[in-house]
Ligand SMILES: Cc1cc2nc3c(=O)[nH]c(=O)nc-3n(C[C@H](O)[C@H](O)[C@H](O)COP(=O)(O)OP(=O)(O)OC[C@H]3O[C@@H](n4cnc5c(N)ncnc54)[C@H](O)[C@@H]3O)c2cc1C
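The chain below stands alone and is given in structure tokens; this is the form predicted alone.
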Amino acid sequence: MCYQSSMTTDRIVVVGAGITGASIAYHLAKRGAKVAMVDAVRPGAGATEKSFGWINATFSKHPRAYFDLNQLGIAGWRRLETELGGELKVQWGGSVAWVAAGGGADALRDSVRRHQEWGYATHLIDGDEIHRLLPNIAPGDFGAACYSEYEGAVDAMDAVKAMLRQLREAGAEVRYPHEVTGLKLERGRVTAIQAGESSLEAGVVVLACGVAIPRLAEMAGVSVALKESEGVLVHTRPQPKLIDRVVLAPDIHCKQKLDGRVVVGGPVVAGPGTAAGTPPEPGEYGKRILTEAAQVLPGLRGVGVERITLGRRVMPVDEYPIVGFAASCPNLYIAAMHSGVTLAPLIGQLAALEILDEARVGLLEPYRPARFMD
């Protein structure tokens, strides 16, 4: 395939081989671009392998423009699943959420109504419907519940591996461990990345390296404002089939992967402007949330823990994505994603348009890096 752009006749270097970097590199290579992707450790070693992998545009996704972006993100996964064929399997079963009796019921009903008005396939359900959708769940007394039909879950590492295979088939370079220690700048543009004594020339550099983005962007005089946000997940050993949808209970959230492993996390953050806090200690916290999960999903009682992960989420200070070319360094492209899993296929597609065709995608205007510059 051919493309024409004054900025992309040379190699495009994507720094970061997580879900966002892999998607951007994949969509660029699919268009015929010359791509190199580098990672400091290995593909997916950062937030990606510690991600819950919930694909959604649910109630924390507001205002309307951010909801629309995430709804398109869901559609992006359906497209990517088709493109990658049997290499990628998304678990499409929707999510079931409920709130405890006497707490938050009106807020959940209001959220459902707002999202329905925006065209989202969600609706309130009763106890009988919960048991039909999740026969192995014991929700207890609850104030309100809903089913969001078109959501899904994905193993983010499986998605990265599938896109890496496509990248390599397209002739892209994938280098790791390859820690970027510097950016070479000439006349306000990045001309190469440096890793120790080695240098890799670039026509465009994409920073999609998660929590390392601010340090590298600062080398080009670009401010990318992230904040601390950690998340603990408990991964069980493989179990018989217990659930086939994402479960969002008052104190835990969980899913069961295709390999039978159940993944459990604590309360879901309510939305932009809130914070879940940092768990005290991963092992202690993980065991506690697994005990709480067993109250909701009795099949988890006595189940062995395979591993407990502590992930550092890529969380911009205002909790919205940071994506686009830096105004002060016009060939440096930033992709710091919150809702990184949901948005990855869409951002890859839109970033390819902006990099290869010099388009300025209107959907991304609220999320430009310039909003953090003085």
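Just so we're clear, the structure is a prediction, and the values are computed from it rather than from any experiment. Note that residue numbering begins at 1 and tracks the sequence as displayed.
Separately, the form predicted together with the named molecule exists; it is not shown, and the next lines address it.
Student: Does the named molecule get within 4.5 angstroms of any non-hydrogen atom of Val180 in the model of the complex?
Tutor: Although the named molecule is absent here, Val180 would touch it in the model of the complex, with heavy atoms inside 4.5 Å.
Student: Contact with the named molecule in the model of the complex for Val41, defined as at least one heavy atom pair within 4.5 Å: yes or no?
Tutor: Flag for Val41 set to yes.
Student: Test of understanding: in the model of the complex, would Thr58 fall inside 4.5 Å of the named molecule by heavy atoms?
Tutor: Looking in the model of the complex, residue contacts with the named molecule do not include Thr58, since no heavy atom lies within 4.5 Å.
Student: Does at least one non-hydrogen atom of Val234 fall within 4.5 angstroms of the named molecule in the model of the complex?
Tutor: Val234 lies outside the contact set for the named molecule.
Student: Between the options Lys34, Lys30, His62, Lys50, which residue brings a heavy atom to within 4.5 Å of the named molecule in the model of the complex?
Tutor: None of the other options qualify; the answer is Lys50.
Student: Which of these residues, Leu88, Ala192, Ile130, Ala212, gets a heavy atom within 4.5 Å of the named molecule in the model of the complex?
Tutor: Only one option qualifies, and that one is Ala212.
Student: If contact means any heavy atom within 4.5 Å, which of 130-138, 94-102, 204-212, 290-298 contacts the named molecule in the model of the complex?
Tutor: Stretch 204-212 is the one.
Student: Counting only heavy atoms, which residues in 340-369 are within 4.5 Å of the named molecule in the model of the complex?
Tutor: In sequence order, Gly340, Val341, Thr342 come within 4.5 Å of the partner.
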